[in-house]
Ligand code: COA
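Coming up is one lone chain in structure tokens, specifically the form predicted alone.
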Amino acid sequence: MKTIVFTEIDQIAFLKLNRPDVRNAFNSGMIEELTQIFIALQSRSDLKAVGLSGEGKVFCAGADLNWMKSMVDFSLAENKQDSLKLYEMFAAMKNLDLPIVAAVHGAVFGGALGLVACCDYVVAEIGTKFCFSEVKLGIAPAVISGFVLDKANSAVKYYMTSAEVFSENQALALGLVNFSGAKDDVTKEFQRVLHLYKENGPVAVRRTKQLLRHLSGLNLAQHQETTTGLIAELRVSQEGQEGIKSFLENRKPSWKV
């Protein structure tokens, strides 16, 4: 793998954006590589969570300039195809049933905010700068917009139209970030949250992520059928039975080390 460093430690998959010479900016290679990784991770029942970070001085500065130059003369159809590939990357990440925890620092610009929006928990170092920079170039944060609005509150719309740079504290207020602190504190929080996922029933976590993705599009009757059906199914499952019995017997469930 050239643009992503992939490692596995104690049932956690760690992905590190690895183009520090260009501030971990997106290009077609990184987009393809991330897409394939997230698709492959979906079938990994042995893993419990994903940790995402960036090598070098910043998490991700958005689109790579050379990649942008290569698209200047693209036709409408070619631009549409290129945008679809970017969307597919975010969709593969959003649809991943494994929880994703991200540690960001330095800068999170443009499409990098799409990565943040697709994570379940985000920790940010003090001093990290965020920006929906697309409108400065006469384009729009279109591909990431749905993912961002699904995570952030409505106040984020101002930043998407103004391209104003905002801080980690403002990102916290918007709901894009869950925790901010000094570098050591961020590292500890990153590790703490990943450890929490290791303590939980892995099937239950995955099924809960699936449930939360689907609930918003259901009517009341479908909502009732889906939620009551899931809890009943999990209660009689092998993992559910083990979890309930271990609680009643005051012992650790089998998935906890």
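Please read these numbers as outputs of a predicted model, since none were measured by experiment. Only the largest set of C-alpha atoms that superpose within 1.5 Å between the two forms is called the rigid core. In case it trips you up, residue 1 is the first one in the sequence shown, and so on.
Same protein, other form: the form predicted together with ligand COA, not shown, and the subject of what follows.
*Asks:* Each of 103, 123 and 177 having a non-hydrogen atom within 4.5 Å of ligand COA in the model of the complex: is that the case here?
*Replies:* The answer is no: none of the three residues contacts the partner (heavy atom, 4.5 Å cut-off).
*Asks:* Closest heavy atom of residue 25 to ligand COA in the model of the complex, within 4.5 Å or not?
*Replies:* Answer yes; at least one heavy atom of residue 25 falls within 4.5 Å of ligand COA in the model of the complex.
*Asks:* Give a yes/no on whether residue 247 approaches ligand COA to within 4.5 Å in the model of the complex, heavy atoms considered.
*Replies:* Contact check for residue 247: yes, within 4.5 Å of ligand COA in the model of the complex.
*Asks:* Should residue 128 be classed as touching ligand COA in the model of the complex when contacts are defined as heavy atoms within 4.5 Å?
*Replies:* Close contact is absent here: in the model of the complex, residue 128 is far from ligand COA, nothing within 4.5 Å, heavy atoms only.
*Asks:* Using the partner position in the model of the complex, report whether residue 58 sits within 4.5 Å of ligand COA, counting heavy atoms only.
*Replies:* Yes.
*Asks:* Of 216, 228, 43, 66, which residue is found within 4.5 angstroms of ligand COA in the model of the complex when only non-hydrogen atoms are counted?
*Replies:* Spelling it out, the residue with a heavy atom inside the cut-off is 66.
*Asks:* Would you kindly say which of 156, 89, 119, 107 lies with a heavy atom within 4.5 Å of ligand COA in the model of the complex?
*Replies:* After the contact test, the surviving option is 107.
*Asks:* Which one of these stretches, 132-140, 183-191, 73-81, 93-101, sits within 4.5 Å of ligand COA in the model of the complex when only heavy atoms are counted?
*Replies:* Within 4.5 Å of the partner lies stretch 132-140.
*Asks:* Does residue 249 shift between this form and the one not shown by 2 angstroms or more at the C-alpha, the core having been superposed?
*Replies:* Residue 249 C-alpha, core-superposed: shift of 2 Å or more.
*Asks:* So that I can tell if residue 47 moves, could you say whether its C-alpha shifts by at least 2 Å between this form and the one not shown after the core superposition?
*Replies:* After core superposition, the displacement of the residue 47 C-alpha between this form and the one not shown stays below 2 Å, so no.
*Asks:* Kindly check if the Cα atom of residue 196 is displaced 2 angstroms or more between this form and the one not shown relative to the superposed rigid core.
*Replies:* Moves: no, less than 2 Å.
*Asks:* Are residue 231 and residue 93 closer or farther apart at their Cα atoms in the model of the complex than shown, with the shift being 3 Å or more?
*Replies:* So the answer is closer.
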